[in-house]
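So this first bit is one chain, no partners, the form predicted on its own, shown in structure tokens.
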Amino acid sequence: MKEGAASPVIHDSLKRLEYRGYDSVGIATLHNGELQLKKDQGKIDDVHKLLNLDDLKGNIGIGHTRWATHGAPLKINAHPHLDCTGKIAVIHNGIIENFSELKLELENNGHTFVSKTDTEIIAHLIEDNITKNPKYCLADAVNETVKRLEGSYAIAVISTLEPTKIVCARNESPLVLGVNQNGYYLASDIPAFLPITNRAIIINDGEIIIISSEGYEIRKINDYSIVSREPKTIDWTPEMAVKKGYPHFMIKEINEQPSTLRNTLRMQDHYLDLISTFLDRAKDVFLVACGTSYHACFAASYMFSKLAFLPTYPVYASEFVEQHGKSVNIDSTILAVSQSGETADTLSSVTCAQQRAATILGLTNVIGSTLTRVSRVYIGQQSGPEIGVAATKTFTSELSVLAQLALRLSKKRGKVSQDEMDFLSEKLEKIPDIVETIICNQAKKVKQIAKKYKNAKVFFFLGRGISAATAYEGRLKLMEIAYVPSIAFPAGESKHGPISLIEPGFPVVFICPKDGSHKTLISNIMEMKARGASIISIIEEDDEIIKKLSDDFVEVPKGIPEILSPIPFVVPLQLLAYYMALEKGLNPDTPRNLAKCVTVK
């Protein structure tokens, strides 16, 4: 800023990002060549009441609210992070895949770390580059540092070495620059500075930006060449801005799935190995969850069985104590799955199992939640805060992590050939791009289907094998968001009662990957079609047989392995629920009688 203190502006900007969720907050500024820093865990208002975030001096600063992916939500892990000298401060959004290797290298070079975060290595790498290359300016050191980072990042760096500059860089994490006559404002989201200026420049992947009171300079990281880009006027309202221009959080989060799936592929090998080791040792494995997370567990039971030859038992958490409470013991392992890590029924199941000496493992999206504290080992699924009540990106992220666990366990147990392991791993890496293709190419068609069937009184969702889990999740989304009564079954069970409901025009959604159940599923489709059902099929491209049997169809790219199919095949069903809600004039972000985290039993 050219005039005024930076810290009150940063404080207000962070408040405007509260909707995203966070566990800690911190601000650092530069004044008279000195670095000033305040940070702590907790809500912004609570930390401000304790520390007074507004009285940091200086017209240059950086601030951050953290959603933990590495390290518990503690003051020591809050951003900004410093180097050994205390002269360099860094904030960071994203996940650094190779931080363990870089941290070990830096420790061997004499660096001392104080946090458990991946972010802190960035400050030390910058310090290391400056120490080894005295001619480097801050931008040079940052540029060389980010070349060594693998993963996603949007970083902002200040230093007493050049107290008039902020250096930022981006790869796969959002970064935007706001411009007005009084200064420059870098943020991860436009709402942070929208009341200050509506003139903005989107920073692209692979770019570094250097700003000072004199101006800004954008360069490419790989060759340091100059990039010319002028600000554009953002005509969003504040409400539109928090949703990145989308009308609702649900569709925003559906569109975020390619990015969140890429983040789940950056799991730390150490924790995947630990959890797969515990699963391998267990005599009985129970996958315990509620709602959408239960459907992920249901799909995972097929993954573990088919890949690792490990029988697992998916159980509704609300039923676990009654169904298995007396039978779990020291040889049992519970893998509890909860987006929030605070779901009451799931935690009750965990408490029951703990009392009987069972091993507790956790998969959650919230580091520091109760589930992470009671688990022997846990994994954070790294999908970021989800605002919409309907689980979308967190569901596909859970599936991705569970698939990685199944693959890791299969390798440990030697049940699948290395060629098949390599094939599945390669396909898993491509899933984010496949999901992106589906969203881009099929949303319009799904919207048309929603319009066509908006007055339907009830829906069927049917799938065979692992696709039964996809059917259950599609059913749940349509019920909770569009309030359409829906029924889901494994397709083979449809003739044992449910088929009696079929009459002309009755919409039946079939999930139809080209797997071992494909031929049998065709028979199920013909049974429904013969009784007048309207067939809506989610098919692979070029599946001409089912396409001809269908009244409507949505295509996904072909060649997806069976055990990974729920991830892409659920996306059209998420879109169907969303557009059906819109057709009915409903707000998909706030379905009646539902809450994001169910903390009552």
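Not measured: the values here are computed from a predicted model. All residue numbers refer to positions in the sequence shown, first residue = 1.
The protein also exists as the form predicted in complex with a small molecule; that form is not presented, and the subsequent description refers to it.
Contact with the small molecule in the model of the complex, defined as any heavy atom within 4.5 Å, is confined among 140 to 148, 289 to 297, 111 to 119, 455 to 463 to 289 to 297. The candidate site formed by T343, K477 and E480 is fully in contact with the small molecule in the model of the complex, as each residue has a non-hydrogen atom within 4.5 angstroms of it. Shown without its partner, this chain lists L125, A391, L402, I91 as candidates; in the model of the complex, only A391 has a non-hydrogen atom within 4.5 angstroms of the small molecule. Checking T396, T470, S349, S338 for any heavy atom within 4.5 Å of the small molecule in the model of the complex turns up a single hit: S338.
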